[in-house]
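Given next are two forms of a protein chain, the same chain in both, each as structure tokens and marked structure 1 or structure 2.
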Structure 1
């Protein structure tokens, strides 16, 4: 069995009219066959109005988050203003090279504009309206494809995100054990965890 802890994971990021919603399952697995942890946190704030989801190796994801936070905080302290989402996405791409992580970045610009990016391990940055990552991404993307509507509010988007994580948790062996939901608006980042996706959808 693989000795490195993997998130396995299903994470999604989607834009709403008034913000961004990130969601992830809470399972960490060994070799995708053993549930090593049932309350893993796979969404981390990196900015006052932005957070990333991590998938791939847990260590790689955590190292990426630490580096990106350092860059974001230093930028803000040195320049007395926050990074724009474009600058944060570019910095994430610069930081990630060589790390074992496939994050999604979601955030809201200072003028309230919601932004979602896929970051890849080679430093690629692709902006999108909704996207997924992790071993359950194909199942989650199917749900997003069917349910996503660009006119959704943040609260409606939370339900869509939970449906996507629920569908992936149902069929992907490396995803499950509840859900983390992160709402990002002009007011900041709010993160909640639930032991079951049905608690969000109820």
Structure 2
């Protein structure tokens, strides 16, 4: 089943002045042709100040999240200090090798700096102000290019993320069924789900 159960998906990550916003649609599909689940959660916290999005294989994504949580806990236990976002991104790149998953990593660093990373299956790490992944990424990226402002707040970034997911859901058949929005600040990770992107933008 894991070979055909895909999140299809559109996920986005973007920096704001006071934190990071991750967003994803909620549709999981079988082979990209049948909607298998309308309530899929594609964003998972992996640290007190960080979370990842999941696209690609559901099983691969879940395994990636479990291992990254374990590795981050182990890192902090062994070193008796908080894990930096650079260390978390490199750990994510090491964990992802060989898995069928395309995560985005976002979080707030030890010094309070918002950070966003693309992690690829070969173990590559690319930092950016905003990014998208999944089958709807081209449409979502177009929306991000048009709407992103490096001076916006987390709440303003939520609106931009919702617009990007909504745009992708209009054109990508594997994306839809609402949105999950995750706000990450120095205070922690807050996650909300909505049945429709218009609920976020209202």
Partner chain sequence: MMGNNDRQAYDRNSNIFSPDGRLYQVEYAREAVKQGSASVGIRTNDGVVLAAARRVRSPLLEERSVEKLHKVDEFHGVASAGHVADARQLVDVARRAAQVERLRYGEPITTDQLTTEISEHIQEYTQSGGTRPYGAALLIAGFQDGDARLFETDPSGTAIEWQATAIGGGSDRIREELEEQYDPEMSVEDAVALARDVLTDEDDEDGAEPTIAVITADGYEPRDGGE
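Residue numbers count along the first chain shown, from 1. If you superpose the two forms and keep the largest set of C-alpha atoms that fall within 1.5 Å, you have the rigid core. A quick note: this is a predicted structure, and the numbers were derived from the prediction, not measured.
Remark: structure 2 matches the stated condition (the form predicted on its own).
A movement of the C-alpha atom of residue 97 falling short of 2 angstroms is seen between structure 1 and structure 2 when the two forms are aligned on their rigid core. Core-aligned Cα shift between structure 1 and structure 2 at residue 79: this is 2.4 Å.
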